[in-house]
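Below you will find one chain, with nothing else, as structure tokens; this is the form predicted on its own, and questions on how it binds or moves follow later.
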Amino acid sequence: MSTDTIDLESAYSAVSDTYKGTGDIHAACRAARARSPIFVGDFIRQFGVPTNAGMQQGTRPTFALFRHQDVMAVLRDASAYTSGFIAEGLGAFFDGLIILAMDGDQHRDVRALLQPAFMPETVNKWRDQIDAVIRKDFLEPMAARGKADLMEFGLEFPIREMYALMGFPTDNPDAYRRYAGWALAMVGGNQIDPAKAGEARRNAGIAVKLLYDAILEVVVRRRADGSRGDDLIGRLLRAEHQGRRLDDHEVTTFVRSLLPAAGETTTRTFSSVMTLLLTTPGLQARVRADRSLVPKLIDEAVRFEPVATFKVRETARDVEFHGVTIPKGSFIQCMVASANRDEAVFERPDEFDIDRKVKPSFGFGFGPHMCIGQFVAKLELACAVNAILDLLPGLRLDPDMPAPVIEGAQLRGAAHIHVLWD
């Protein structure tokens, strides 16, 4: 692997293949909910996908929870259910500071540093720029073709937008596509197939170094230029952490740890949003006529088809659920895909219904570790859906191509959305 031997499309596909797994996770969760609210053992093993526990998966007592109230109880309590183990699993490929693996005061301090760059009042300043880039750089050049795979656009635009928000130069598309490919190679390193694990881990190690060097170059230049700007790098360069400023290594490592999710999860959410919009009878006409429905469309898609179908926590003390004692140091698999379709909370949970009463769901997580970039993702998705409806009249699935399929035991989404328009 070198700077020239990895591309964004192949890196994205490799991650999709790694986390696709086998079996129908929604059906498995539905059956599990009917049997018992708790599963004693490694529920995820049956799907053949990695968890963020990495090589620790299967080496400790493991339990799975399926009900909405149980998943919420775990995700909201970061003192009893911790994330530090991720530093040895998925976090091993990030070689340092990774917010997903932080607990307690460290997590609160770092979150406080990063959060302002991702709050609505900051993010909304980017609306016009995000909308302009989506229309002028992506959709307007595509419009004359009359047909396309929407996922070509879906893979590109979140990366372009998020990398700009983080503070990378936007005048070199090849550079940020390369950075994104490296970031995905890091995620792909969490491989459990023995035949693929060696190469995946080697590539992840190389990508870690390549991405670090590329970000450090930007950070050093930005500091020399005065650390200005409302973007993430500018804010981190100016921020104080526990009474001191972050050095270039810390800023670089923080940014690197955020990049893998920067576009990838938004791309997968976009694929589900558009698939559901185009395959639910009458829905496109409604949303096209009433754009106030776009946020509801996005929220319901995130409930119905969360990208991350489960989240894992470690117990910091003995706990009990439904009469089962879970010892300290155990893994709990919080089945988000199950909790989001819990019949006790959602009426007709297996129906996609943008008119349903809004209740908490866990597609963006919950509690202290809730997705820090959710407001950016929702804004990007709303701009994308509106622009598509404006610029691609008569949008419909291409009858000569396979229909889109949302799949994956973890990191769900549709690989292709072949469409036509007038």
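Being a predicted model, the structure only gives us computed values, none of them experimental. The first residue of the sequence shown is number 1, and the count goes up from there.
Here the subject shifts to the form predicted in complex with ligand HEM, a form of this protein not shown in this document.
Name the residue from Arg127, Arg223, Arg111, Arg291 that puts a heavy atom within 4.5 Å of ligand HEM in the predicted bound form.
-> The option sitting close enough to the partner is Arg111.
Ok, Ile215, Ala262, Ile233, Val71: which has a heavy atom sitting within 4.5 Å of ligand HEM in the predicted bound form?
-> For this set of options, the contacting one is Ala262.
Name the stretch, out of 132-140, 344-352, 281-289, 309-317, where some heavy atom lies within 4.5 Å of ligand HEM in the predicted bound form.
-> Every other range fails; the passing one is 309-317.
Should Gly41 be counted as a contact of ligand HEM in the predicted bound form, where contact means heavy atoms within 4.5 Å?
-> No.
Contact of Ile372 with ligand HEM in the predicted bound form (heavy atom, 4.5 Å) | Answer yes; at least one heavy atom of Ile372 falls within 4.5 Å of ligand HEM in the predicted bound form.
Would you please decide whether Gly48 lies within 4.5 angstroms of ligand HEM in the predicted bound form, comparing each non-hydrogen atom pair?
-> The answer is no: Gly48 has no heavy atom within 4.5 Å of ligand HEM.
State yes or no: in the predicted bound form, is some non-hydrogen atom of Ile206 no more than 4.5 angstroms from a non-hydrogen atom of ligand HEM?
-> No.
Ligand HEM in the predicted bound form reached by all of Met162, Thr266 and Thr269, non-hydrogen atom within 4.5 Å = Answer is yes for this spot.
Taking ligand HEM in the predicted bound form, which residues of 364-388 have any heavy atom within 4.5 Å of it?
-> Sequence-ordered list: Phe364, Gly365, Pro368, His369, Met370, Cys371, Ile372, Gly373, Val376, Ala377, Leu381.
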